[in-house]
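Below sits a lone chain in structure tokens, taken as the form predicted alone.
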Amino acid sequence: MILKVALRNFAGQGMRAFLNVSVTALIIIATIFSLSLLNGFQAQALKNLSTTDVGGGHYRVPGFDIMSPTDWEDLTQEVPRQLSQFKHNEKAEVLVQQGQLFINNRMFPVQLRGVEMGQQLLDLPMDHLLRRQQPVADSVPIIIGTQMSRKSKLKVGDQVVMKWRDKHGAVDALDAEVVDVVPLVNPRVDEGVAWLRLDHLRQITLRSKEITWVVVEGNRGKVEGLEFIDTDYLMRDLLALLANDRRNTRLIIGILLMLAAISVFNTQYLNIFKRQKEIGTLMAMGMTPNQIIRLFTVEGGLAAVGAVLMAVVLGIPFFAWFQISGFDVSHLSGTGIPVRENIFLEFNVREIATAVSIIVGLMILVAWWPVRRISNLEPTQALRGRGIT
């Protein structure tokens, strides 16, 4: 009976009910969109970082710090036999040294990063270096990223003087030829980095068989002379940024929920005030205050259910359209975030169910809260319209 009366009353509210349902539905859609977009952004950023640099972790020379370039030359060692036996799709040997490029009479500090050409673990477009199999003679072939090209004003075919120190501390220099400029989605392997063949970098620095770190698929246990650095540590700056973005997203969602709750609360309070005579009549006919409270609470619950249904009807076409085009983040190309391609939504069913449950529960709560005053209402006062002021 209560449900039947609640349905009739809810339908009779007309535009007020429609506006409450519409606002709540839009908030549900906005909440799902925000959470799913953040999930998609996080997944793509972590994937790009993993496939271009981090892999499943690094076996590094102890004490190496990418932020201390003056120490790089002292922190290399030969590849341990345990790692050298891995297949090309299980490891990628990397040697990092400090160098300088002299561009238009200006010194440009760079990170000389050599990677073995046979590796298949990292997704790096090094095809032009792969063809340069001859030992270094008069010039060293290098590859740079688009961000590096933009800052250094270098383009394909340019030749500049490159200087470095060899294993014994002697300063040496050769011409470096830019054989390709590639779009690297990860700024870590782009800005300030000049890519070389590993065998070429070992040749010019006299560091035969030496590495700075070895990228692997995952932790393979203890390796003599090297320490394992896991992905959480290697991605800590990006993970901290994403955690901060998630907190900000939750704050915005919380503000939206508060606005929706205030709207429903205000509508319910006004609804009770205008329907005092109806409430008095129901009480005179034998309905208890608790039954009337349930009646008005069910009406609020119907608004929440209607909002969920409207969110499904409006949200599915919107999300389907969005998944076709994606979200353009090309404006992030100048930042340190490893994402350049379009971002697509990544739905987390548990997260969506939790968010929708919280929204529905909050709507029912704010529908019930102002109705509590009915429990102390006198039927005679309600019939005269003076029970609630």
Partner chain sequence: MLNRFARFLVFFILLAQSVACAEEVDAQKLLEEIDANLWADTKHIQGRLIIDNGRRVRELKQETWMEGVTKSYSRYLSPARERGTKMLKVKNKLWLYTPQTDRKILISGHLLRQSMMGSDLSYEDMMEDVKVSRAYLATFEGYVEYEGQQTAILTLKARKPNSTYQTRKIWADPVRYVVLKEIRFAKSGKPLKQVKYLDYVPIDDRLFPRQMVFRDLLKTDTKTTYAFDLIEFGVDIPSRYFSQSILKR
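Residue numbers count along the first chain shown, from 1. Just so we're clear, the structure is a prediction, and the values are computed from it rather than from any experiment.
Below: the form predicted in complex with its partner chain, not depicted.
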### Query
Is G221 close enough to its partner chain in the model of the complex to count, meaning some heavy atom within 4.5 Å?
no
### Query
Heavy atoms within 4.5 Å of its partner chain in the model of the complex: does E116 have any?
no
### Query
Should S325 be counted as a contact of its partner chain in the model of the complex, where contact means heavy atoms within 4.5 Å?
no
### Query
Are any of the heavy atoms in P317 no more than 4.5 Å from a heavy atom of its partner chain in the model of the complex?
no
### Query
Ok, D199, D166, D123, D230: which has a heavy atom sitting within 4.5 Å of its partner chain in the model of the complex?
D166
### Task
Identify, from the list V312, L130, L206, V156, the residue with a heavy atom within 4.5 Å of its partner chain in the model of the complex.
L206
## Note on the structure
TL;DR on 66-74, 49-57, 29-37, 346-354: the one with heavy atoms within 4.5 Å of its partner chain in the model of the complex is 66-74
### Task
Go through 224-239 residue by residue and record those having a heavy atom within 4.5 Å of its partner chain in the model of the complex; state none if no residue qualifies.
none
